[in-house]
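Only one chain is included here, represented as structure tokens and corresponding to the form predicted alone.
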């Protein structure tokens, strides 16, 4: 279970995250959406231990995996990029097949396209076990087929490991097809929270309605 109380993140006098209370079940998949600067990445990075909070308490599991929005590659081929953290080669090959990258196995990872590199980064993360999986915009560089593969891989990983999955996204498709819950952030605060279809059809506040209308149009 993830439990957040009175969480704040400030940079000088500017508050970028202000969440009085948020509870997420241990096997729940939650998508966070909102405009740029709404606090999505900041929240994930705090939960991952990448940056410090300004105030409040955060209770998270010990085993956490975090995939940043900016994908990266190490020197060497795709297998080496996945097994760098002592993952098994067999698992790496299985994930490359699942995410339709196996035909690129012998290529240098740095030569991959943006979408391919993002799927490789996901392979690297999913090759390990965790209790909490944090994904920052996991389909941002993917085309429709790539996004479909990512969504399927995330679902299968969750079912196999029984972990919680928290992800930021600009994709209504990702939220609808993979999340149990959709939370809309606005200026670091929770604007809407509920099942994805319910939030998309009945956002509640006027700001949330305006955001959802534009979000659907941009998808």
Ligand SMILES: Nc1ncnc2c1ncn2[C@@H]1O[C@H](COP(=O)(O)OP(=O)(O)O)[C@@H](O)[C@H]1O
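Positions refer to the first chain, counted from 1. Predicted model, so just to flag it, every value in this text is computed and none were measured.
Same protein, other form: the form predicted together with this ligand, not shown, and the subject of what follows.
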With the partner removed from view, which of 23-31, 58-66, 40-48, 189-197 is the stretch that lies within 4.5 Å of this ligand in the predicted bound form, judged by heavy atom distances?
-> 40-48
Taking heavy atoms only, is residue 16 within 4.5 angstroms of this ligand in the predicted bound form?
-> yes
So in the predicted bound form, does residue 173 come within 4.5 Å of this ligand, heavy atom to heavy atom?
-> no
Using heavy atoms and a 4.5 Å limit, would one call residue 159 a contact residue for this ligand in the predicted bound form?
-> no
